[in-house]
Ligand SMILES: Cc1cc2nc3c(=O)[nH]c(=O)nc-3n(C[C@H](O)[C@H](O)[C@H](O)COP(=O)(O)O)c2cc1C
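Listed next as structure tokens is one chain, alone, in the form predicted on its own.
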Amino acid sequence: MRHVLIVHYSQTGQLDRLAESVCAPLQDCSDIQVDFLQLQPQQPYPFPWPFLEFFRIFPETVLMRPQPLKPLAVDAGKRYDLIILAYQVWFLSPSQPMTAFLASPEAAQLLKDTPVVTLIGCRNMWLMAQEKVKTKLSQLGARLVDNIALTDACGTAASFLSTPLWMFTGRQKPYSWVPRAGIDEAEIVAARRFGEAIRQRLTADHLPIEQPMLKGLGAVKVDEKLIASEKVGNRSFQLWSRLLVAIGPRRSRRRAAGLVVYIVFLLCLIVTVVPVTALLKKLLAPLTKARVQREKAYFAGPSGE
């Protein structure tokens, strides 16, 4: 009997549906026991988000200082053949519940010497969040063997509007003139193919999983146009996060005032610097093509595009 643990947290339910689609072939197999661990913060995060409350968690999310979780309903001493970590991306970082799990004593026991598949559902930027998760997994002695990342169907430009509206209204398509936010439902259903490949590997023998199982299945798609933007954005987020933490506690008036300044800065950055940067990248593309291709191959690993 093979044993698989799914660690997940989803505010909207979209990531849960994605995890269920991937895990369906495993659950259908009598030789595989699948356990689910739903992460529950001690103080639940609201959904839909009040506008300022969403930004209040920004510094601690980026600096990976999460709020605590409720006791984890899992046997930390049990050995699993595979652990799947299904997480959202908040501010170019793993969501606070997933960060809290990775910092827990239970995770230290469960993940040591264990193969891991990461499963991401997000707007479009996931590279820097995955780098942070990879660092934590390495520190815990886990082996990342595959990564799956599915992104919003409406595209980068439209999702600047549609995704925030979803977060602040709780509706994926609050107005007729706004594209539907979220991953295409057909993509969620098609994610079952990843579970089929994992099932085949788990039932092929009883040896530990050492190599990627999802190569050639389109588990990730790296948008090379976003690589530089994510790097710059992550550096900016780190700087502002430290500044805001220094200004005052999460619910202080000083923190709130600092957040207002940051939000104005962020909006100005989006409408001015981002378009200019995109134009410069396009003009310099012939000179940076080789480097960008190397970066794209790196971020696509270990599963590849």
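Since the structure is predicted, the reported quantities are computational estimates derived from the model, not experimental observations. Each residue number is its position in the shown sequence, starting from 1.
What comes next is about the form predicted in complex with this ligand, which does not appear here.
- Only one segment in the set 72-80, 106-114, 198-206, 164-172 has residues whose heavy atoms sit within 4.5 Å of this ligand in the predicted bound form; it is 164-172.
- This ligand is not drawn, but in the predicted bound form it has a heavy atom within 4.5 Å of residue 11.
- With a 4.5 Å cutoff on heavy atoms, residue 124 counts as touching this ligand in the predicted bound form.
- This ligand is not drawn, but in the predicted bound form it has a heavy atom within 4.5 Å of residue 88.
- Although the partner is absent here, residue 137 sits far enough away that none of its heavy atoms falls within 4.5 Å of this ligand in the predicted bound form.
- Proximity to this ligand in the predicted bound form, defined as a heavy atom within 4.5 Å, singles out one entry of 217, 191, 100, 92, which is 92.
- Out of the listed residues 243, 266, 57, 63, 57 is the one that sits within 4.5 Å of this ligand in the predicted bound form by at least one heavy atom.
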